[in-house]
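So this first bit is one chain, no partners, the form predicted alone, shown in structure tokens.
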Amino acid sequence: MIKIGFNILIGGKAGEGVDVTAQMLAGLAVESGWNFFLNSELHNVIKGYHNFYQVNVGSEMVLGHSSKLDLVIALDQETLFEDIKRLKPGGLVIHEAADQLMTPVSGIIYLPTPLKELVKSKGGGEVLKNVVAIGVAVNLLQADLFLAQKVVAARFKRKGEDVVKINLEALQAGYEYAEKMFFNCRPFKLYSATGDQKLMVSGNTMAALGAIKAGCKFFSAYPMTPSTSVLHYLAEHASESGMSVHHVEDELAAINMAIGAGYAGARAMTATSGGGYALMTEAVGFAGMAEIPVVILEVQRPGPSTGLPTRTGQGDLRQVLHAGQGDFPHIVLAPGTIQEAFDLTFEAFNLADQYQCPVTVLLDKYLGESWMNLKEPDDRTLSIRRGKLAADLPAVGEYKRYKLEADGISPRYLPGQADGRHIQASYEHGEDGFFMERPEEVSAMNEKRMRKIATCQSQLPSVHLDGSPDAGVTLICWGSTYGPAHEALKILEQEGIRANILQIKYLNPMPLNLQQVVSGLKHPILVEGNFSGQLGGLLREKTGLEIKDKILDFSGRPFAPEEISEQVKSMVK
């Protein structure tokens, strides 16, 4: 039996190369012309605790993981005891021959392999047992050994020829052992396909690339899981991108430095998670009052307080929407795929400049730290919009930084331009930027700022249903729940249930046609990663839509398509 698509889990202790194993298997899939989606579940301990990575491989684009597994590579006992429970009947498990087995799970095929002994026979250290396991997997997958050797060699190239050589020998040892011992256990075939999506990226990486392509020239951040890899990527590519990247002392410095750079005319961004964003909220309000463009990438994890630092969740929507005291324009975007992490981060810089306000892009651990393969971004489709910079406007009389305008957007000079008055006020102010308290002017200035939201809303792309427009069930989601929901549609279709998706990418303001779309929904079901159904509450507030059926998960784990489809089936009976 040959399967078109399969799911592989690699489990082991932190420090055993679990991540490297997953990445090399994903690389093999890409080299073979296939697609993959890679996600991880990690303990909040640097070394020694059980972690696992999952690689879903498919002939078509894969947007999420699956709760059902075809192959498990067990590098520790816990994987053998727990993770193999998710194997499908007939599923395979590669494990150390010396490991203790619990009562064997019925229907699972165990493939005991002397991983440590095979490494020892090649003169390598025990750490190489993961590469031996990859060799076994390559054989079981009937993949091209040459392509696997290419991936392994590229992975260890920086460590020198000797390291490459011993890893290739470990790969070969595993492959040959499987060829001899497991020749009748090959239900898969990773044949060579023609896929050309060769860029292997995470959501955080694509957000960072979106910032680079948007012309971001200043980035400041304090490391906070799961946003830290954005800082790492931008620091690594600072020279070639021409970006000034700063690892600063805390989140207050990060946001205020980015705002300062935005005031000076540079496109600027910071990145953090929920706890860091809490510290930034006063500065978010300052950017709104002073009308300074800045982009904030918020990669969510469960709270409150320190919460679950290495898990995922969508509990920060209300925090972000209401960050800072008082009312001020604040645009909030939520990518739903790794590609959209690029698209909407790029767009965030345009919106920040156009509307002279803070823009927050909401990711989460699942979307930010999962990987897939995509095509290289096409620069020809990208357009940078800087808004009402005074260099594009005729000089008429005295410059008023906060001039009352019908669209709410005042002309903006950059410091250093002749005839500009470069006042940025945290207090309420008049058109000239100086502090004032006269009630009629205070009201006029507030109304001017808030008109930006209406202007922005009138220019947003319309929301639409993903899938059949006359489906009986609509899954409503935002952010990372979109991928699993999209995969769930395929399962539901096989079960005879026609469903579609309403994905909300623009959370503030919301698209103008949203009211019209939701009014026609037959059976809306909310899919959201928090306790209170925050998007559901927001939709009720903005559109009057009352969603009775909800699929909520606040365990710190991502949704699986099978979980969504099972709950939908129970709701439509």
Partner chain sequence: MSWLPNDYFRDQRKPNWCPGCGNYATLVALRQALCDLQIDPASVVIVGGIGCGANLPYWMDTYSLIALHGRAIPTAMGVKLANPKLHVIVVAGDGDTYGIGLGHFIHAIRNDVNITLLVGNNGVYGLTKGQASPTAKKGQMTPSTPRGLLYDPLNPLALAITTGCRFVARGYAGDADQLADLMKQAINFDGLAYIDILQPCVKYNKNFGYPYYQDRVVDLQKTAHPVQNRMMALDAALRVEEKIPTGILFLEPK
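Numbering follows the first chain given and starts at 1. Everything quoted here is computed from the prediction, not taken from an experiment.
Unshown form predicted in complex with the partner chain; subsequent notes refer to it.
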Problem set entry | Answer option from Gly303, Pro223, Gly472, Gly260, heavy atom within 4.5 Å of the partner chain in the model of the complex | Gly260
Exercise. Tell me, which of Tyr110, Phe434, Tyr191, Phe81 has a heavy atom within 4.5 angstroms of the partner chain in the model of the complex?
Worked result: Phe434
Problem set entry | Residue contact check: Glu282 to the partner chain in the model of the complex, 4.5 Å heavy atom | yes
Exercise. With the cut-off set at 4.5 Å between non-hydrogen atoms, does Arg186 touch the partner chain in the model of the complex?
Worked result: no
Problem set entry | Close approach of Thr205 to the partner chain in the model of the complex, 4.5 Å, heavy atom | no
Exercise. Using 4.5 Å between non-hydrogen atoms, is Ser426 touching the partner chain in the model of the complex?
Worked result: yes
Exercise. Which among 262 to 270, 226 to 234, 486 to 494, 455 to 463 is in contact with the partner chain in the model of the complex, heavy atoms within 4.5 angstroms?
Worked result: 262 to 270
For this session: May I ask whether Asn256, Phe286 and Tyr413 all come within 4.5 angstroms of the partner chain in the model of the complex, judged by heavy atoms?
Result: yes
Problem set entry | Residues of stretch 290 to 312 in contact with the partner chain in the model of the complex (4.5 Å, non-hydrogen atom) | Ile292
